[in-house]
Structures are given as C-alpha cells and as structure tokens.
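Below you will find one chain, with nothing else, as structure tokens; this is the form predicted alone, and questions on how it binds or moves follow later.
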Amino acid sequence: MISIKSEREIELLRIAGSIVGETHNYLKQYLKPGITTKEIDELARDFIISKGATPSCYHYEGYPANICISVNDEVVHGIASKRKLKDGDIVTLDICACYKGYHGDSAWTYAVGNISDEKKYLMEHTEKALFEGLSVIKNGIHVGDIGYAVEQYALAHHLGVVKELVGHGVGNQLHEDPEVPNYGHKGTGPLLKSGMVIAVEPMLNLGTADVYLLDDDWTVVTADGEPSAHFEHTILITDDGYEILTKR
C-alpha cells in the first residue's frame, strides 16, 4: 500500500533528507586519490550520528557498511573496504539516514581527480535523466510517467538503462511501495498523489544495460565492465509539482 504522509511525518522526512544532503556536501571534500572507501564510510557514519541520526544502511538486510560506495563499473551496493580511490575514478555515494524513525535517501556520482570525457558524459546525462523524471511529477500522475521520461532521455543519449534496480517509496521504512522503475509507459503503474514520498534514482551505464551480482551478494556491476552512474533524490509529491527533500 502506498501511504500518504501526515504533516508530522513530512517534517521528519524533511529533516532526514536534509541530513543526507548535508552528508553529501561534507564528504565531497574527501573524494580525492588515495582515500579508502572504508575511510569515506567512517566519515559518513560519524557525520550522520553527529546530526542526531543513524545510517539507515547499516545492517539493513545484513548490509555490512554505513553507506553504499560504488566505484566505476559498480552500479550499486559497493561495500567499503581498503580499496583506494584513484585519479580518473568515478564514485557513487548512496547515503541513507534515519531521523526519529524516518528516512532520507540520495545517491550521487562524483569525479575523482581528472576523469575521461566518456565518464563526464555519463555523469552529466544521468543527472539530467533524474531531473527529466522529476519534471513530470505532480499530483495525479502515474509511476510509468516517471519511468518513461527517464528512459526516453537515456535512450536518446545512448545510455544503458538498468532495469533490475528501481526507485521506491520512502517513509518509516527505507524501501516502501511503490516501486519506481527507470523505464515504462505513460499512464501506467500506480497513481501518485500529493503527500506521497518517493525516491527517483536513474542508474545508467555507458555500455550495456546488463548487470550481474558479485560473490559478496551485494555489489552489482555492469556486465561489460563499462562505468555506471547513479543519481537519486527523495521527493515529496505536491499538488502542482514536487519538493526535493534531499537537497544538496
């Protein structure tokens, strides 16, 4: 069931989303060659806790880290380790924070040092695909309208649309109904109404859309080894549009 949030719930979701946005802004300064993903994870944990929240990802369905850190061909759910970021990498930080029982969720892909033109292209157009999806949101649309907007933009720019992974509702659970795919047809899927909160999150690949799961049972990577980018905001649906709850 898709829930319409109360004013109290919306205010708590705003605070949780704001903490996620602040965490992104805080971590950006550290994304340089030589830092390990474990160090980034620990910085994120300490910052989220300092804001009176907790990392939602920690032990979520057994996930072992505080945030998801995915590098280059890793699409989602990369696990922090002793791996050092290198010049030319792109890294996605998928950050979730829980404040008084309510969650914020936002992923963003960052350049480490000097990256290739191909990676710049991928990042630019994956971010734009996110905002194409957001641009259609208002009271009374269907989930398929969002997916259609994202997919058409991605295909026009020759990027692979990952279909195994989707956006979702957000509330007092990190993942709620409805699923929000990055593909679809206009006028299909659940109806969205003012007061609902969802995460829209295009995951686009420079090459094939195909992905597979590594032996750690978490990290999803591209089938051809080409890089992937991931941009996500949690938003509140309003009568005439939307409000971004995870502003950066």
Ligand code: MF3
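Note that residue numbering follows the sequence shown and begins at 1. Worth saying up front: this structure is predicted, and the values here are computed from it rather than measured.
Below, we refer to the form predicted together with this ligand, which is not included among the displayed structures.
A.B. asks: Where, among 91 to 99, 122 to 130, 109 to 117, 142 to 150, do residues come within 4.5 Å of this ligand in the model of the complex by heavy atom distance?
C.D. replies: Flagged stretch: 91 to 99.
A.B. asks: Indicate whether D105 is a 4.5 Å heavy atom neighbour of this ligand in the model of the complex.
C.D. replies: Yes, contact at 4.5 Å.
A.B. asks: Looking at the partner-bound form in the model of the complex, is K138 within 4.5 Å of this ligand by any heavy atom?
C.D. replies: No, K138 stays farther than 4.5 Å from this ligand in the model of the complex.
A.B. asks: Taking the shortest heavy atom distance, is D41 within 4.5 Å of this ligand in the model of the complex?
C.D. replies: Taking the distances in the model of the complex, the answer for D41 is no, it never comes within 4.5 Å of this ligand.
A.B. asks: Y30: heavy atom within 4.5 Å of this ligand in the model of the complex?
C.D. replies: Flag for Y30 set to no.
A.B. asks: Quick one: in the model of the complex, does every one of C57, Y63 and E201 get a heavy atom within 4.5 Å of this ligand?
C.D. replies: Yes, each of C57, Y63 and E201 comes within 4.5 Å of this ligand in the model of the complex.
A.B. asks: Exactly one of A53, V211, V180, C68 has a non-hydrogen atom within 4.5 Å of this ligand in the model of the complex; which residue is it?
C.D. replies: Partner contact (heavy atom, 4.5 Å) among the options: C68.
A.B. asks: Please tell me which of A80, V161, L134, L174 lies within 4.5 Å of this ligand in the model of the complex, judged by heavy atoms.
C.D. replies: Of the candidates A80, V161, L134, L174, L174 is the one lying within 4.5 Å of this ligand in the model of the complex.
A.B. asks: Going by heavy atoms, what in 117 to 155 lies within 4.5 angstroms of this ligand in the model of the complex?
C.D. replies: None of them.
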